[in-house]
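The chain that follows stands alone, in the form predicted on its own, written as C-alpha cells.
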C-alpha cells in the first residue's frame, strides 16, 4: 500500500503541490440489532478507499476515491490540486503548518479475542437471551439489543516522509428496555445509552459487561419509573453519575475546546465557543477540584491512536488543571494562531472520503479522593441523576439543560425515592465552579461515545470520556412549567 501512496505523493508534487498527504482506509463492520425476540438487522460491510490532501498556491484541496486501483490516482490527485488552486484565489491568510516531525511507524490497538472469529450464533443468542429477560417484565413493551464490531487498517503517508500504518479493533454491545403504562413511556439502557458501551477491545469486552446479569435490574427500573414522580423544581445539590457526566464533559468542555470552533469555523452547524482566545489560559473554568485531561493514549479508548490524521503522535495534556483552563484541541493548520509550534494531535476524519478536522480525542474528568457513599452521606438535600436521555446547549456552549433516564432524591445523606425525568440546568463555568466532591479512582469508568457529529458535510466520530460521580452545589433542578 505504501507503493500506492508514493505514486500519489509523487504525482501531487509533479502537479505543483508544496505539501501532500494520503490516507488509505480499509474497514470491516459487523452489526446486529434485535427487537422483541427477533433479529431485525444484520450486516457485514466493507469500506475501502483513499483520500488525498494537497496545498498548492496557498490553498487546500481534497479529493477521494473508493477504488484502490492505480488507475484512480491521476484523476483523484488532479481534482485535489484543481480545488487547491481555486481555493487559493479567495484565501487571504497564509497556510502555516506546525513544525511536527514526520514518523515512520506501525501501531495497533490491543485485544484478546478477535470478535470477527466469534460465531454469529453466539452473538445472536446473547442478545436474544437478554431480550427474553427484559420482556419478562410485563410493562416492558420494547426490548432492543445491539452489537457492533469494527476492524480498520489505516495507511498515512505525506510528502514530508511520514509513513504510518495503524490497525484498530473496536467492539460494542448494549440494550434498552421501554416500558409503557400509567399514561407514560420510560426507557432504561445498559451499559450506556446510544447503543451500549464501545471500546478498542475484542469480544472480551462483551464478556466483561455482564449484560445478562444486569437485564432484570434494568427491566425492573424501567417499570418502576412509570409510577415514579418528577422531582419538584428547586435549587439543590446535584450528584451526577459517570455516564451522564461523560456527556456533560463532552458538550460543555470538549466541543468548546476545539480551536476551529473557537475561531468561528463551526458557527453555522453547531455553534462557536465561549472559550474565546482572549480567555486562553486566563479562564477560571471550574473549581480547584476540576482536572480535565485530553488523552489519545488512554488504554482501549475510542479516541486512542498512535498518530492523528495529520501524522502527529498521540499525546496527553491538561485541558483544565485545578480549575484553570489550559489548552485547546488543535491541529497542524491552526496551532500557529495561538502561537504554538506543535499540534495537540486532534486532527481526525471519520472516513477516507472526509477531510480531517479538529475533533475531540478522549477527554476525561480525573477522579477525586471521595468515596461515592461519602458523597451521598454528605448531601442533606440533593438529587442523584444518571443515564443519558435528552439535552440542549446553546451556540456558545454556555447555557445548557440535561434530562436523565433516572434519578433519586437525597435527604439527610440517604437516597430516599426514585424520580423520573430528572432535569438540571446551568451556565458552564458557573456549573463547573460549583463542583466540590469527585469520587475516587475505584468509581472512575471510561464511557464510549460513538455518535459525535461535527462538520459540513457531517462527520461522525468516536471518543471516550472517563468520569466518576461528582457533586455540584446549588444547581437548578426539575422542570419549570409555566
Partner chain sequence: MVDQIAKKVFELSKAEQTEIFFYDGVEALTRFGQNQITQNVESQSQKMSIRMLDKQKTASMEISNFSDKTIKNAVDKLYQILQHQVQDERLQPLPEDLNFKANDTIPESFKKLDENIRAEYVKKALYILNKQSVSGAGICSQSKYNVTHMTSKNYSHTFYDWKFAFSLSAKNEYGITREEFQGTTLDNFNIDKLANKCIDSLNFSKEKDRIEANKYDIIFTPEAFAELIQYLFYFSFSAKEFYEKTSFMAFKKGQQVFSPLLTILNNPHATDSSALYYDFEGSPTKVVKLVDKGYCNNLISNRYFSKLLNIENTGNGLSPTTFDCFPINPEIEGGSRSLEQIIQSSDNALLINRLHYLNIIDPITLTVTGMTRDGVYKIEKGKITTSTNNLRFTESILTALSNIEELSSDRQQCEWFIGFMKVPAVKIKQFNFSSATDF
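Positions refer to the first chain, counted from 1. Only a predicted model underlies this, so the values are computations on that prediction, with no experimental measurement involved.
Heads up, the form predicted in complex with the partner chain isn't pictured, but that's what we're talking about next.
To test your reading of this chain, name the stretch in 317-325, 238-246, 103-111, 351-359 whose heavy atoms come within 4.5 Å of the partner chain in the model of the complex. Result of the contact check: 351-359.
Only one of 184, 152, 207, 132 has a non-hydrogen atom within 4.5 angstroms of the partner chain in the model of the complex; which is it? By the 4.5 Å criterion, the partner-contacting residue is 184.
Using a 4.5 Å cut on heavy atoms, which of 341, 213, 93, 278 is close to the partner chain in the model of the complex? It is 93 that has a heavy atom within 4.5 Å of the partner.
Answer with yes or no whether residue 282 is in contact with the partner chain in the model of the complex, where contact means some heavy atom within 4.5 Å. Residue 282 lies outside the contact set for the partner chain.
Taking the partner chain as it sits in the model of the complex, is residue 263 near enough to touch it, meaning that at least one heavy atom pair lies within 4.5 angstroms? Answer yes; at least one heavy atom of residue 263 falls within 4.5 Å of the partner chain in the model of the complex.
Counting only non-hydrogen atoms and a 4.5 angstroms cut-off, does residue 203 reach the partner chain in the model of the complex? No.
Does the 4.5 Å heavy atom contact test between residue 74 and the partner chain in the model of the complex come out positive? No, residue 74 sits far enough from the partner chain in the model of the complex that none of its heavy atoms falls within 4.5 Å.
Contact check for 223, 418 and 444 against the partner chain in the model of the complex, heavy atom at 4.5 Å: No, the candidate spot makes no contact with the partner chain.
Across 257-289, which residues bring a heavy atom to within 4.5 Å of the partner chain in the model of the complex? In sequence order, 263, 264, 265, 266, 267, 268, 269, 270, 271 come within 4.5 Å of the partner.
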